[in-house]
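To begin, one chain is listed below as C-alpha cells, in the form predicted on its own.
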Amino acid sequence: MKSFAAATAQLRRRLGANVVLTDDTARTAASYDSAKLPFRPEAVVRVTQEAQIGAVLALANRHGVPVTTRGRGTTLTGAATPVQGGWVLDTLALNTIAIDDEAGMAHVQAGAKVADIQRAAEAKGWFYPPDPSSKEYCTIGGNIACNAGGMHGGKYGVTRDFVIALRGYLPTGEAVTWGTATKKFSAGFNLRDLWIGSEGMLGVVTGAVLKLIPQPAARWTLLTSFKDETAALRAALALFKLRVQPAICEFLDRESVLCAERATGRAVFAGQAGRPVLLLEFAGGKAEVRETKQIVLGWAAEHATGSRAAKNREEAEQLWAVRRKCSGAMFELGDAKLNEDIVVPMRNYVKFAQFLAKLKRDSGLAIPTFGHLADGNLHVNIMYHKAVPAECRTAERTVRTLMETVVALGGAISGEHGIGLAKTPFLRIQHSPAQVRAMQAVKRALDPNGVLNPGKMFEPFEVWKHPRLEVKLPWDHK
C-alpha cells in the first residue's frame, strides 16, 4: 500500500497533531467497520470544524491521497473501510442538533446520532421516522451516505424521503450546498439526491436539514403467528389489500423465531413453537388507530393461527422481544453469517418464499430470514462455520444464487446497506454495462482524481480472500 508520509506531515502541520492522528490505536480502530475487513490508514483526521474538511480534501487532491469518510462505522458492507489506505476522515465531533419547532425541521451535523435526533424531535412533539437497528450508534451522515431505512420504511419512507437540504464538500475540497431549508426548491439539478446513497464517493456531507412529521397520537401493536412462511406472506398481502397501512410490518421465518425462542427460553405462542410471525404496529390519530384495530383483528381471526395484542406500550415492548433477540441468537446456527438486505416486490413474495425453501435444502445451510414486509426489504442471513472450507464455499455460491434470483424476480440486491466492498461482485447482476458506465462517469466528473472512498462499488472485491477480525462491535447482532 502506497505511503503518503510527506502529505500526512504537511496535514499535521496545518491542522495540528490533535486532529491528525497517526498512532497505532487510532489507525487500528479506523481500519474496519462492521464488515470487519481491516485495512489500516496512514492517518485518522478527527475534524472539529467543517472547514477543516475542505483543507483535507484539497491537500488529498494535490498529493493523490485516498480519503475515506467515517462516522461510527456501523455499515455492514465495508463502505467505511479504507481499502486503499490514506486518510480516514472522522466526522463524529460534528454532532450538533437544532430543532426548528415552527417549521418542523431538524438542522443537524453529519456526526449526530440518529437516536439523538429522534429524541430531540420527540421532545418538541415531532417525529423523525427512519430507524435503522443501529440507531443508538449510527450517525445521520452515514445514514445519508447509504440511504438507510428501517422498520418504519413501508409507511413513512427512508432517509432520502426526509432530507430537505445538504451541505458539505465536493471531492475536490470545494464547499457546496444542495437545497435550502424550505419546503419547495426547484433551482437547478437535484444533486442533493445524487449524494444520498452515494456511499461517500461523490462528496462529504457535513450537515443536513431533515423533514420532521408530527408525533402519532396513538400506537397499537399486534403479534400474529402462521402455520408456515407461505401462509404468513399470503396473509400480509391480504392485509395490504384492506388498505390499512401498518407503520411496521416485521416478518420472522421459522428459523428466526426458533432462535429467538431459545434465546429467551420461552415460546412466542404456547403450543406453537417455531412458527413464523408477523409483528405489526399501527400509528396515527386516535380515531384512525381505533378503526384500524377492528379491521386488523378481523384479518387476524381469518388468517393467523395465533395473535396477541398489546394493551399498552409496556406490553408492546414485550412483544418486540422476539424481533430484537432473533439476529444475535442466529449464531447458534453458525459462527459466521452473510447478512443480505435484499428487496423483493410484493407480487413475488410467495415465489421468493418457495425459492428460499429450496435454497435451504440445496445448500444444507441454515438461512434464517426476517425483515420489513411493508416495503419488501428482507434480511436473509446465510449461516456457516468459517473453519469449515466446504461451508464457506457453499455460502459463497449460495449468496450469488440469492442475488441472481432476487434480480430475476424484479427486486434489488440491497435496500439499505448499500454496495461498499461486500456487494461489489453483484453490482453487475443488478445493473447493465451502460448503467455502470453512467455511474462511473458521474464519479469521474465530481472526483476527477479519484481520491474519495476509492476501491468501492465498481471494483469487484473478493471478501473470501481477506481475513475477518475476531472482534465484536457494540451494535453487533441488533
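Residues carry their position along the shown sequence, with the first being 1. Since we're looking at a predicted model, the values are computed, not measured.
Omitted from view is the form predicted together with a further copy of the same chain, to which the following refers.
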| property | result |
| --- | --- |
| Residue contact check: residue 416 to a further copy of the same chain in the model of the complex, 4.5 Å heavy atom | yes |
| Residue 193: touches a further copy of the same chain in the model of the complex, heavy atom cutoff 4.5 angstroms | yes |
| Touches a further copy of the same chain in the model of the complex: residue 337 (any heavy atom, 4.5 Å) | no |
| Heavy atom of residue 82 within 4.5 Å of a further copy of the same chain in the model of the complex | no |
| Among 172-180, 270-278, 294-302, 357-365, the region lying within 4.5 Å of a further copy of the same chain in the model of the complex by heavy atom distance | 172-180 |
| Contact check for 5, 38 and 393 against a further copy of the same chain in the model of the complex, heavy atom at 4.5 Å | no |
| Of 228, 136, 315, 101, the one that lies within 4.5 Å of a further copy of the same chain in the model of the complex (heavy atoms) | 101 |
| In the model of the complex, the residue from 311, 119, 286, 397 that sits within 4.5 Å of a further copy of the same chain by heavy atoms | 286 |
| Within 4.5 Å of a further copy of the same chain in the model of the complex: residues from 192-218 (heavy atom criterion) | 192, 193, 194, 196, 197, 198, 201, 202, 214 |
